[in-house]
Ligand code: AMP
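Next up is one chain by itself, shown in structure tokens, the form predicted on its own.
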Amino acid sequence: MNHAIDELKVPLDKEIKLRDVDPAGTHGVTRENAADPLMKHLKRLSVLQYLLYAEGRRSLLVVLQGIDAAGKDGTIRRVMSGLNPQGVGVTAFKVPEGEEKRHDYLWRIHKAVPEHGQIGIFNRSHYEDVLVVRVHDLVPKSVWSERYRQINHFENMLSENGATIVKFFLYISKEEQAQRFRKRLEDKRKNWKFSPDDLKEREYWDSYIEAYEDVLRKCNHDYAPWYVIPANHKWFRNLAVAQILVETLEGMKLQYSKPSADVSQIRFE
């Protein structure tokens, strides 16, 4: 589905309208023919992670964004399942509290950026400060509107210092979200995942979509590209994210670091 991956990547310097994207789209891929490619990508991810760790000079930062129930947790659980836990870290960003509130909004983000050789996954991210903050008027427009520029500079700085950044917006329909909420209510094992606040947030659906469109337009660069992943079908979401991560890591042309000694001269008695 290489051609589909190109279609999922948000074009640079172009306005995107999410109404033109089908959240149930699969770009011609069927569930039946998705399983084998997904397994192939997961195995390849494991190999590439090892290479990234062995090289030890660069890192991969994966940003996952999406409206409630879009599948951020499920993506991490399914796509990252074969990775070595020693070389990957997941950070879930909640509402800032304590020390976080006494610093600028990027302080806690920078602390969580993966070190060289590591893969870092952000479950929500610094983009909440131009999404939730904007939708709920938590700070004046004069404040959050400046953050697009600040975020661009921040991500560019990370890129120039060895971090490869790839960002995913998991896009589901409002109807699909409602269906997933119902399942959380009907399944006792998932009741804990539901909050009355989830329903309150649905009232701001259109405002969130507008805010996401601005993010996808204003913070999309070759050093930190956005991909819009149709996520109504979880199997397609997983396949698309896995393939993009494989292609991103392969594009880094990773190499093993040179040994610290001439191994050809080492002998065991």
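Residue indices: 1-based, along the sequence shown. Worth saying up front: this structure is predicted, and the values here are computed from it rather than measured.
Same protein, other form: the form predicted together with the named molecule, not shown, and the subject of what follows.
A heavy atom within 4.5 Å of the named molecule in the predicted bound form is found for exactly one of K141, R189, K94, R102: K94. Put simply, of V132, A163, I76, L83 only one has a heavy atom within 4.5 Å of the named molecule in the predicted bound form, and it is V132.
For a residue to qualify, one of its non-hydrogen atoms must sit within 4.5 Å of the named molecule in the predicted bound form; none of E175, R180 and R202 qualifies.
The named molecule is not shown here, but in the predicted bound form it comes within 4.5 Å of a heavy atom of E128.
Partner proximity in the predicted bound form, defined as non-hydrogen atoms within 4.5 angstroms of the named molecule, places exactly one of 83 to 91, 155 to 163, 112 to 120, 133 to 141 at the interface: 133 to 141.
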